Every structure is written in structure tokens, then in C-alpha cells.
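Take a look at this one chain, the form predicted on its own, written out in C-alpha cells.
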């Protein structure tokens, strides 16, 4: 199979679609390999297979730490691998991020590839070369940019994806449409029922749009020095909410996008009708759209699936996390807003102005 390719300044990423078992064997060939995955994916797709040399980590953000990375380093040392050994990350964004980070740092760099198993990873996280871990509660505080050699997309993985993980992925899909493609936004509006029912044809079309948009942006600004920043739409506040409230990534980003839309109405002239369409689409994908500061019971905050579109948090926790955001430079930050659907704008905003705005609109 001839792969599609994403071309970067110093590397090329091969993209394959189909059965990951066959494609991975062909891509690795005679080379030694080590698979890094999480226990859920291991049990569902790798247990009993002919694949060996599997390192399994606990699923979820709690594993995305230097401690997990250190444990993997130790296991690789025990395996006595060489510089040509291929590391393969099979899983969601956590497994892929950790694999990319380990491969980029162990023995000063090993070849690696991804097999993303979640909608979030297939449509977003596996593309672009950002690899990293969280530290002291701050999302992706430590990391680097290095492209994988290959990415394999197998649509079967989405059949077993939990509902909350599917919704989390759609948050990034909606974000991608907002910063890159009115056509994709229209596709989502017109086909959200099919998408939620995991229709493979529409999901493949949606993912292809997302890959093309993110590949186009990241290939032009691989190191995040300029236009790549538009991919952070909804993430400045969203990451703070995620860290403060133990929300899923997609739920937090959905709220973060709605915050950014409020600022976009004020500072960029985003139309009321477009803001309404965005809010409606997020709700159709079962994502939260409001933020309230009252404390609610911890068991509800920590629930994997929050059915209501209204989620409440303690605002001071979110604001404290914002001060650690990587996009803040001194007392200002580059904040991504929308002039219209598909037309993002980068605006410099003082941190205190953002805090004042958040405190005013969070009720």
C-alpha cells in the first residue's frame, strides 16, 4: 500500500489506513520493536496476538508523568534494545504522547510510530509531532516536537470506544472545523447523528478533513512559532479547567471554546448567529457549554460521564492554573479567537484582562 504523506522540513510522516496487524508488520519489517500501550487496549486488541515486547501502562492522564517515562526507560534497558528498535505507541493521546517522548529521549532518539485508537488521537493528537508529559498538575509542561515515522489508522478501534471518549474526540473535531474549515463545520452540523452512531463512512470523512487541516498548519509551522498557535483555540482556558476539575479533555476544551467565543463576540465581532450555531453543535455532540463557579459534590465532578451540559467548578482553581499556561509570556498571552467560523485570529491579551473577563462571565 502506498501511504499518504505529511512533509515537514526535516522529515516525512507516512500515513496508512487499514488493518493495523498487517500494516504494522509490513512497516517494521525485520527490525526489533517495542509496543507501548495501555492496559485497556492491550486486553482488547493485543492479548493473545503474535506481537511481543509489549509495555503496558495504566490508562488515563494520571499515567502521563515523568514517573511513567522513567519506568519505561528501565524496561527498555532490561530488554537491551538497539538504536534501530522501533517504538510503537498504540492507544489514545496519552499512550502516543508518552511513546513519542520516550522515543525522542531514550538513547538520544529511536524511530517510532503511532497507532491511534481514539477519535481524539486519530483526528488530532497523533498529528503534528508534539510529545510530552504533565508535571505538577500542569498539562504538557514538559515535552518536545519530533515527528513519528508512520501513523496507522484502523477504523475498528472506534467501535469499542466508550461514549465519553467519543464525545471528547468530537470536541477537538469541532475545534478543527472552527479554526480551519467552514465546510467541515457544515458536515458536522448535517451529519452529527451518523457521527454519534459511529458510521464508519462519515467518521472516515471527518477524520480525513481533520488530518488535512492539522497537517497543513503544522507542516508550515512545525515548532509552534506562529500560525500553529490557532490549534490552541479553546485550550488556554480549557487546559486550566481540565487540570482544576478532573474533567475529560474534550469536556474541558468545549467549555474553553465557549469562553473564547464570548471573547470573540467582544473583541473580534463574531456574529451572534455563528456563536449560536457553535453552541448548538457542541450540545448535539453531548458536550458541556457552560461554566459555573459553585462547588458541587466531588463524586459528580469526578464522574466519567457528566450528562448535563452545565458543569460547575471553583473559578479560583481555574485561574490559578492559567498562570502556568505555556502560552503566557510575562503578563500577556496569545489568545486564539474567531472572527468567523473558519477564520481564527491571534490576539495578545494581558493575563489580568483575561482573569477579569473570566471572573465576570463565570456565574
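Positions refer to the first chain, counted from 1. Since this is a predicted model, take the numbers as computed values, not measurements.
Although it is not shown, the form predicted in complex with adenosine-5'-diphosphate is what the next lines describe.
**Student:** Report yes if all three of 44, 157 and 162 come within 4.5 Å of adenosine-5'-diphosphate in the predicted bound form by some heavy atom, otherwise no.
**Tutor:** All three within 4.5 Å in the predicted bound form.
**Student:** Ok, 179, 120, 72, 86: which has a heavy atom sitting within 4.5 Å of adenosine-5'-diphosphate in the predicted bound form?
**Tutor:** After the contact test, the surviving option is 120.
**Student:** Check each of 76, 211, 217, 94 and return the one that places a heavy atom within 4.5 angstroms of adenosine-5'-diphosphate in the predicted bound form.
**Tutor:** Of the candidates 76, 211, 217, 94, 94 is the one lying within 4.5 Å of adenosine-5'-diphosphate in the predicted bound form.
**Student:** May I ask you to check whether residue 67 falls inside a 4.5 Å heavy atom distance of adenosine-5'-diphosphate in the predicted bound form?
**Tutor:** No, residue 67 sits far enough from adenosine-5'-diphosphate in the predicted bound form that none of its heavy atoms falls within 4.5 Å.
**Student:** Would residue 334 show up as a contact with adenosine-5'-diphosphate in the predicted bound form if we use heavy atoms at 4.5 Å?
**Tutor:** No, residue 334 stays farther than 4.5 Å from adenosine-5'-diphosphate in the predicted bound form.
**Student:** Taking the shortest heavy atom distance, is residue 53 within 4.5 Å of adenosine-5'-diphosphate in the predicted bound form?
**Tutor:** No.
**Student:** With the partner removed from view, which of 143 to 151, 267 to 275, 282 to 290, 112 to 120 is the stretch that lies within 4.5 Å of adenosine-5'-diphosphate in the predicted bound form, judged by heavy atom distances?
**Tutor:** It is 112 to 120 that comes within 4.5 Å of the partner.
**Student:** Can you name the residues of 174 to 189 that have a non-hydrogen atom within 4.5 angstroms of adenosine-5'-diphosphate in the predicted bound form?
**Tutor:** Contacts from 174 to 189: none.
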